[in-house]
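Have a look below at one chain only, the form predicted alone, in structure tokens format.
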């Protein structure tokens, strides 16, 4: 019998097996495997959920229950750069809604929409854990704190004009950020190469410039 992920790339299959090896109970690998499936299919598809289910020995419904609970699993295609603007209480009080409106305007989209060139998706998100650096924004889950509406426009223009291969939080913060929650400490050389959290075992991280 062929593997349920036989249609995945060789790299994706290898990553899936490496992730499975980390968990004594294969079912515990469902969340990281959904990210690998997202990279293979472009987003979480019905086929991807079925493949993950077969790989870990559960039903597709069980996998779907996880994939639909967490908003970081996208069930429709998104742009190359996923811009997530927090509008929870701290960010809201310090201008998060204005930042969201500015980002949408610069990208030419409504909230949750993707630009015509498929480059940028702008979404509203709940708290991303940076209340001390509000308003907070993420690009492919790389954090920027203290963003203003003007800087949000600059950010969208920069993404469109430079199309960075790797999105680095440190670089984003330097270019578009303001007040931070705390000193970030040691610089992080790895960044995101896709709208999936940057993590080597997923295949979604690379060293930036």
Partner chain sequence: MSDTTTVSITINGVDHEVEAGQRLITAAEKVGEYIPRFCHHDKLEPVGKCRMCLVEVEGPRGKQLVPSCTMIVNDGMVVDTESEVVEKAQEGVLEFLLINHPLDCPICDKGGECPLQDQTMAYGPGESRFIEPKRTYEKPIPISDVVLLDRERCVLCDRCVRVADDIAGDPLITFNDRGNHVQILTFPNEPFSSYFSGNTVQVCPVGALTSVDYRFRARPWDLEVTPTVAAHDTVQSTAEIHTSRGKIVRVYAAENDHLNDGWLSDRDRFSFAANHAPDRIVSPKRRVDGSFEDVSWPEALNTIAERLGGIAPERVGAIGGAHNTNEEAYALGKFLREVVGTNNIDAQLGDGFNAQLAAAVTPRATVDDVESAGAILVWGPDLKETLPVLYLKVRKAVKNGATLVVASPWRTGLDSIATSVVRYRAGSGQEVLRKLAQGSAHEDAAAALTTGPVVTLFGRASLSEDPRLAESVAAYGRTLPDARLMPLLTRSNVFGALDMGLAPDLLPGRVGIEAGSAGLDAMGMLGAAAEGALDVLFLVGSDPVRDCPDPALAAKALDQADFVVAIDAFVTDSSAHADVILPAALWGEVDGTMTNLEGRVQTVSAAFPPRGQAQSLLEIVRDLAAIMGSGDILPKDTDTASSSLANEAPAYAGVSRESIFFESDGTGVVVPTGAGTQPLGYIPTDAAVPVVTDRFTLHFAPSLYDDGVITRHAESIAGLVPDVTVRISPRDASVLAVSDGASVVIDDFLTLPVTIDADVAQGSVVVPFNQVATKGLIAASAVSVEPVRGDV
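Positions refer to the first chain, counted from 1. What you see is a predicted model; the values in this text were computed from it and never measured.
In what follows, reference is made to the form predicted together with its partner chain, a form of this protein that is not presented.
Contact check for 9, 17 and 21: none of the three has a heavy atom within 4.5 Å of its partner chain in the predicted bound form. Heavy atoms of residue 182 never reach within 4.5 Å of its partner chain in the predicted bound form, leaving it off the interface. Although the partner is absent here, residue 175 lies well away from its partner chain in the predicted bound form, with no heavy atom inside 4.5 Å. Although the partner is absent here, residue 28 lies well away from its partner chain in the predicted bound form, with no heavy atom inside 4.5 Å.
Residue contact check for residue 60: one or more of its heavy atoms lie within 4.5 Å of its partner chain in the predicted bound form. The candidate stretches are 136-144, 152-160, 35-43, 60-68, and the one lying within 4.5 Å of its partner chain in the predicted bound form by heavy atoms is 60-68.
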